[in-house]
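We begin with a single chain expressed as C-alpha cells, specifically the form predicted alone.
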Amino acid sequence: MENVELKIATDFSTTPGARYKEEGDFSGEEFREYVLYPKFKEAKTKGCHLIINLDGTAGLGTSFLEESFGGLLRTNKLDYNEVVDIIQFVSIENPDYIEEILGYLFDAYEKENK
C-alpha cells in the first residue's frame, strides 16, 4: 500500500502565514482545514502513513505549526495516538521543526486530557 504524501511548499504555500485566516493568506487554520485534515483522513481510510515534507518553505512559524497540528486534536477532535501513528515528518533543511510539531501535538493532548 502506498503512503499519502504532503509537501507544504508545493501542496499549500512556500510562504505559510499566521495562525488564523483573518490574519492573512496561507494561515495554519487554512492549511489544517483544506490540506492537512483531508490528507490525514485519506491516509487513515487507506490504512497507511501520511508523510509530511516540511522542506522548501521560507519558514514555518510557531503559530502556523501549532494551529495546524495542535488544531488537529483540538478542532478536529482526533486521537493523539492515532495522529502520531499515522503522520510521519521529513525535514532535511530544519529537523527541529519535527520536534516542535510533536511538542504541539503533545501539548494539545495534555490540555484535552486534564
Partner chain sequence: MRMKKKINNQWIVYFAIFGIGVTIGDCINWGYFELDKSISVIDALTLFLTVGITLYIATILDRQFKNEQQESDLIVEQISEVSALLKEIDALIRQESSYNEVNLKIHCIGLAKQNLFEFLKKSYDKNSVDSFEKIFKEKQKKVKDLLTNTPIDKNDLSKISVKKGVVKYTDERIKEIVTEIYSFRTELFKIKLFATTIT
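Positions refer to the first chain, counted from 1. Quantities reported herein were computed from a predicted structural model and do not represent experimental measurements.
Heads up, the form predicted together with its partner chain isn't pictured, but that's what we're talking about next.
Not one of K7, P38 and F69 places a heavy atom within 4.5 Å of its partner chain in the predicted bound form.
The closest non-hydrogen atom of T62 lies within 4.5 Å of its partner chain in the predicted bound form. Using a 4.5 Å cutoff between non-hydrogen atoms, Y104 counts as a contact of its partner chain in the predicted bound form. Its partner chain in the predicted bound form is not approached by D11, whose heavy atoms all lie more than 4.5 angstroms from it. When contacts are judged by a 4.5 Å heavy atom cut-off, K46 does not count as touching its partner chain in the predicted bound form.
Although its partner chain is not shown here, in the predicted bound form the stretch 85 to 114 places heavy atoms of E93, N94, P95, D96, Y97, E99, E100, Y104 within 4.5 Å of it, in sequence order.
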